[in-house]
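Given next, in structure tokens, is a single chain: the form predicted alone.
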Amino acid sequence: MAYVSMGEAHRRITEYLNRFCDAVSYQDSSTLCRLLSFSSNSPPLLSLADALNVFQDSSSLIRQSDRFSEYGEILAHVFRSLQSYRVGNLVEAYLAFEKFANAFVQEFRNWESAWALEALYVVCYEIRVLAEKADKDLTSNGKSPEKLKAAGSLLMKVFGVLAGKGPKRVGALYVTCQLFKTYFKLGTVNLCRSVIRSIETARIFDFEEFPRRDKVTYMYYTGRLEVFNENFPAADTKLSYALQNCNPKRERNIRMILKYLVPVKLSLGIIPKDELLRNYNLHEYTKIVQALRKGDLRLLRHALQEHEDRFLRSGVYLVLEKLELQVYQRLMKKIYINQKLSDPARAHQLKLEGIAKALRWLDMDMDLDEVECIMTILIYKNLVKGYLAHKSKVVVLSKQDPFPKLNGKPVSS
């Protein structure tokens, strides 16, 4: 930190106070956003923090002017938070910022128009990010992380302020998305349901009136929730909406969407192109796609094992594991095609021993009872049309479409 004289510190603090009051007086939301964006680590805010740590009695500057004192509670907490943030005391920074946020939300509630909506977005974003940093600090010191949970409560309060009639309601979806990020981080995704009900069933909201950015984020998170619930058609609809409406220049965001949309599409029998996986660095799915195309169960299991940690963290491991049935279906189809070429008269009769031999070639050593069990499941799940001749140990395939396509529908339960 460079040396700051008392006079320079006084000047910087007074300049910030004037800029804040001007922004409110002239309803200049963009300036207000910059004044509150702690996580941006902008030079003006860092230099203000240095000034506050030199000039310790900033509250006297606020009190000495009626113009400043009108927003005294807001400004005092902002200064206290910024001071703590600058010296790395993240817990104290969060506590002060929470008090500021409560005061700001109360002020926002009193303003008739929605001119400060973008500034409110900044407050919601900053309190979540600051809470995450504070919790990380608490954890490293052996203490219980609790600030993000508190931030979630405050965000819910903000949602309540916006969930009414009037122009402010368009901000409700942004706050909802911040709540989603909070709940997913905390592992309390069940709390998302009440907010979703408010957005999707309340008559005061028209989804199309929300900003595109917020609609994309909302569909991404609700799509992920549908993945966890194994409601793949709904997940496909929501994640596809997010992908189609995402800014094409935001490649990182597109990759985040595809990380969930790809396994959903695979579950519905839709295989993505290799080019898509290459373009968005989704190499973890390359071998899984190859396994589905080849009917190679060994390759699928190796791919799941290789990227197990990644798939578990993102919550798609079980979704991908269930692709085994589709891989078996593809293998049966390959056996059928080969038999059709070598013995056309008996193409629709697959011996269980022949299937077991193909599986052994893939290092999958199974006895005939296990093979029969798998074929029974494939027939039950409508992945194979036919029946089992138990005594002769043969699968008799239907002559009409023996291997039905999923056509965008998940494997039946």
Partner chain sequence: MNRRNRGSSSSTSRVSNTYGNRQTSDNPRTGSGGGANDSFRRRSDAPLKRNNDEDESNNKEGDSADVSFIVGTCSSMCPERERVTRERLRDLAVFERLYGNPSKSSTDLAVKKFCRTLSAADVQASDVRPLPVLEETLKYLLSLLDSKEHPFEAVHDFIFDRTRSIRQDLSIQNLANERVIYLYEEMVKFHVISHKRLQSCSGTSISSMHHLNMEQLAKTLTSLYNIYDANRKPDYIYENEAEFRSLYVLLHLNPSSGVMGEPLSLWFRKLTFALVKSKEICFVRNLLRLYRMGNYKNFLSRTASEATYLQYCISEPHIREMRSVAVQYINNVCYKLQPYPLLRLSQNLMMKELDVESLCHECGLETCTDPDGFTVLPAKQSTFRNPEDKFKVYDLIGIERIER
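Residue numbers count along the first chain shown, from 1. Because the structure is predicted, anything quoted here is derived from the model rather than measured.
Below, we turn to the form predicted together with the partner chain, even though it does not appear here.
Participant: Among 77-85, 107-115, 336-344, 228-236, mark the stretch whose residues have heavy atoms within 4.5 Å of the partner chain in the predicted bound form.
Facilitator: Residues of 228-236 come within 4.5 Å of the partner.
Participant: Are all three residues Lys168, Tyr174 and Pro263 in contact with the partner chain in the predicted bound form, where contact means a non-hydrogen atom within 4.5 Å?
Facilitator: No: no residue has a heavy atom within 4.5 Å of the partner.
Participant: Out of Gly269, Gly295, Pro145, Pro272, which one falls within 4.5 Å of the partner chain in the predicted bound form, going by heavy atoms?
Facilitator: Going through each option in turn, the one that passes is Pro145.
Participant: Considering the partner chain in the predicted bound form, which of Lys381, Lys351, His348, Arg34 comes within 4.5 Å of it through any heavy atom?
Facilitator: The residue in contact is Lys381.
Participant: Should Arg224 be counted as a contact of the partner chain in the predicted bound form, where contact means heavy atoms within 4.5 Å?
Facilitator: Judged by the heavy-atom cut-off of 4.5 Å, Arg224 is in contact with the partner chain in the predicted bound form.
Participant: How about Leu45 - does it come within 4.5 Å of the partner chain in the predicted bound form, if we only consider non-hydrogen atoms?
Facilitator: No, Leu45 stays farther than 4.5 Å from the partner chain in the predicted bound form.
Participant: I'd like to know whether Tyr26 contacts the partner chain in the predicted bound form, with contact meaning heavy atoms within 4.5 angstroms.
Facilitator: Tyr26: no contact with the partner chain in the predicted bound form.
Participant: Contact between Gly72 and the partner chain in the predicted bound form at 4.5 Å, heavy atoms?
Facilitator: Output for Gly72 is no: heavy atoms all beyond 4.5 Å of the partner chain.
Participant: Of 353-383, which residues get within 4.5 Å of the partner chain in the predicted bound form if you count heavy atoms?
Facilitator: Going through 353-383 in order - heavy atoms within 4.5 Å of the partner chain in the predicted bound form - the hits are Asp367, Asp369, Glu370, Glu372, Cys373, Ile374, Thr376, Ile377, Ile379, Tyr380, Lys381.
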